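Consider the single chain below, provided in structure tokens and representing the form predicted on its own.
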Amino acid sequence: MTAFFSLILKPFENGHAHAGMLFISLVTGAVMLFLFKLTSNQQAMKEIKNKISAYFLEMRLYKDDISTVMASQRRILSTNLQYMKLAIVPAVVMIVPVVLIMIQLNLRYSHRGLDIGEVAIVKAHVAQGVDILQHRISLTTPEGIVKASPAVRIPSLGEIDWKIKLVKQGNHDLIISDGTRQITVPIYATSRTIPIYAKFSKPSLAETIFNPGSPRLPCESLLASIEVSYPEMKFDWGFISLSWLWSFLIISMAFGVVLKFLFKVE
């Protein structure tokens, strides 16, 4: 999935994040409509929608008869529930691809790379039962990155924090030593829209699903996870600034509303 999304979004890597978001939202809207049509009973849905329209018309025609209006409202509610029941199976089917797409978008559009002069916090969380005051856990910076503060050890959280500052553009590798082995942590300093991994953990099924392609920590390491606080990416649409999640949901739903007439989906 990660390789596939890197391929289809490659034309939008160099400063075209907005175009990439529009493209993937359009594709998602079209695919979701196709799946909905394929897995739903379109004829039954059409009949239900016709009934609802008829009940609304009944309310307008007999608006002075309160008992008829109330009965029409009850029938509208009951019919809407029938429509929702028919939509359950298509909704369940669509959840899987939507979640996979959102995971891939989160990798690319949740954070951006560091700019020269920007600082970030590197957090190392130790494994259960490891005393951070007794083990010599250290960070070594490469050329292009400097330490902006000494290490801060927080025993109550099992956490060690370093503040780093970017002084040279380009991707760099930090080295974190837990006293027995060294761990390489990539730092992304690029304007390209590529997968940016802000958290590194030990291998697990959850990590494979929700953080695909991320470098893994050795199972024997004293560290449980490492996090890097990259700046959040925002999408400025002229009149409003949104996160990738809201941008994706709103645009894909808008495309879905437009495309449903083309695909003739109820």
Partner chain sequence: MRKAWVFAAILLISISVSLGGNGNRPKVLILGFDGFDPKIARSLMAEGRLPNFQRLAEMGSFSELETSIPPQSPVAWSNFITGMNPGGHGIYDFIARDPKTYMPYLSTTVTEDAKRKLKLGKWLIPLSRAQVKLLRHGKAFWEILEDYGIPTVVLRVPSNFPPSGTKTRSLSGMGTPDILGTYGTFSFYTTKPYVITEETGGRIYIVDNFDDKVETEIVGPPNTFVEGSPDARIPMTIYLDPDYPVAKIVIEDTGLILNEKEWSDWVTLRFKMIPFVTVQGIVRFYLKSVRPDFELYMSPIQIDPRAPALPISTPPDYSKELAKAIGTFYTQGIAEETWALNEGRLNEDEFLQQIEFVFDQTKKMLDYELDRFKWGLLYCYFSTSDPLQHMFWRFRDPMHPMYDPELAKRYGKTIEFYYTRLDSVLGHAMDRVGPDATVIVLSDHGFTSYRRNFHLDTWLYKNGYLALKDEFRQESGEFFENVDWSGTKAYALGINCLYINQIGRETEGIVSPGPEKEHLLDELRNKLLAIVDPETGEHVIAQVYKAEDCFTGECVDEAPDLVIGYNSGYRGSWETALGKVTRTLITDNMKAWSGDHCMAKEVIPGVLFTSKPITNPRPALYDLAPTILGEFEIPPLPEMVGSDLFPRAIEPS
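Keep in mind that what you see is a predicted model, and the values were worked out from it rather than measured. Residue numbers count along the first chain shown, from 1.
Below, we refer to the form predicted together with the partner chain, which is not included among the displayed structures.
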is_contact(Ile88, the partner chain) in the model of the complex, heavy atom dist at most 4.5 Å: no
Ile154 within 4.5 Å of the partner chain in the model of the complex, heavy atoms: yes
Pro150: touches the partner chain in the model of the complex, heavy atom cutoff 4.5 angstroms: yes
Residue contact check: Lys163 to the partner chain in the model of the complex, 4.5 Å heavy atom: yes
Interface segment, criterion being heavy atoms within 4.5 Å of the partner chain in the model of the complex, picked from 100-108, 72-80, 120-128, 191-199: 120-128
The partner chain in the model of the complex reached by all of Leu133, Glu159 and Asp236, non-hydrogen atom within 4.5 Å: yes
